[in-house]
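One chain comes next, on its own, written as structure tokens: the form predicted on its own.
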Amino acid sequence: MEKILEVENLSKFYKDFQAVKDVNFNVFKGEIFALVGPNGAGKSTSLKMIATILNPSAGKIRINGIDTSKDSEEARKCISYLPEDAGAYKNLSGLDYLKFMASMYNDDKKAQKTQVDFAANLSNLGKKLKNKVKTYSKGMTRKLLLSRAIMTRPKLLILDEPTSGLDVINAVNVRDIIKNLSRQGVAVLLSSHNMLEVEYLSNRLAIIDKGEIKAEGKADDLKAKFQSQNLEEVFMKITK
């Protein structure tokens, strides 16, 4: 299987505090890999380092074979990152927002149109794309932002709490989009507090606590190993 993301001995220090401690995992083409843990466990810090927003204190990150410490600009061409608290320009229409973001990615007008058309179709917002973003519900905004993140067809899509705060219908729609992307070969790295969502979406997962990976594997294998009926029980046994 083709490795899209390789994380080796990844660490992050903030003065005397070590937020991430020698973390190791890989994500393969077409795989959905979940990194889960309690608040303050090091999840978001790890995602931000992989997204090249934060510099690691130690360790290696390779994206599509590119060492991010040596060529972060080239690595960024392979990824797209959607943080939990991402927002869109509220005075633009949804469509104008997508056009603006496409213009940031490249100068080719034809390529921009292709990206916008792809994102617009993916968002499933239809005529509402003509409305200003400030009129959107949280679910509509999240679908718009997810479509923006995907419009470049990244090798690796990084999602922090992709369905946080969404109602059931919008959450299901977003999960379906993520599933379909993985079937098309996109590698997905996500973080979520929703263990049912993690079990439904992920091919594999790692549980991180106090900056360290405590367990990694398929959901069914972890449930069997820790003699648990569901991932929530596994999570509680590992992080207690």
Ligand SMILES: Nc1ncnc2c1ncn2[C@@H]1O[C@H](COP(=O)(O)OP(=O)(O)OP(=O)(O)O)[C@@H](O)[C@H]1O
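Model, not experiment: these values are computed from the prediction. Start at 1 with the first residue shown and count on from there.
Below, we turn to the form predicted in complex with this ligand, even though it does not appear here.
Visitor: Tell me, out of Lys60, His193, Arg204, Lys214, which residue has a non-hydrogen atom within 4.5 angstroms of this ligand in the predicted bound form.
Guide: It is His193 that has a heavy atom within 4.5 Å of the partner.
Visitor: Quick one: from Ile178, Ala41, Ala34, Val27, grab the residue that has a heavy atom within 4.5 Å of this ligand in the predicted bound form.
Guide: When this ligand is considered in the predicted bound form, the option within 4.5 Å is Ala41.
Visitor: Is it true that Asp67, Ala75 and Thr152, all three, sit within 4.5 Å of this ligand in the predicted bound form, judged by heavy atoms?
Guide: Judged in the predicted bound form, none of Asp67, Ala75 and Thr152 sits within 4.5 Å of this ligand.
Visitor: Quick check for you: of 196 to 204, 167 to 175, 44 to 52, 181 to 189, which stretch puts a non-hydrogen atom within 4.5 Å of this ligand in the predicted bound form?
Guide: It is 44 to 52 that comes within 4.5 Å of the partner.
Visitor: Can you tell me if Asp96 lies within 4.5 angstroms of this ligand in the predicted bound form, counting non-hydrogen atoms only?
Guide: So Asp96 does not count as contacting this ligand.
Visitor: Pull the contact list for 6 to 27: residues with a heavy atom within 4.5 Å of this ligand in the predicted bound form, in sequence order.
Guide: In sequence order, Tyr14, Phe17, Ala19 come within 4.5 Å of the partner.
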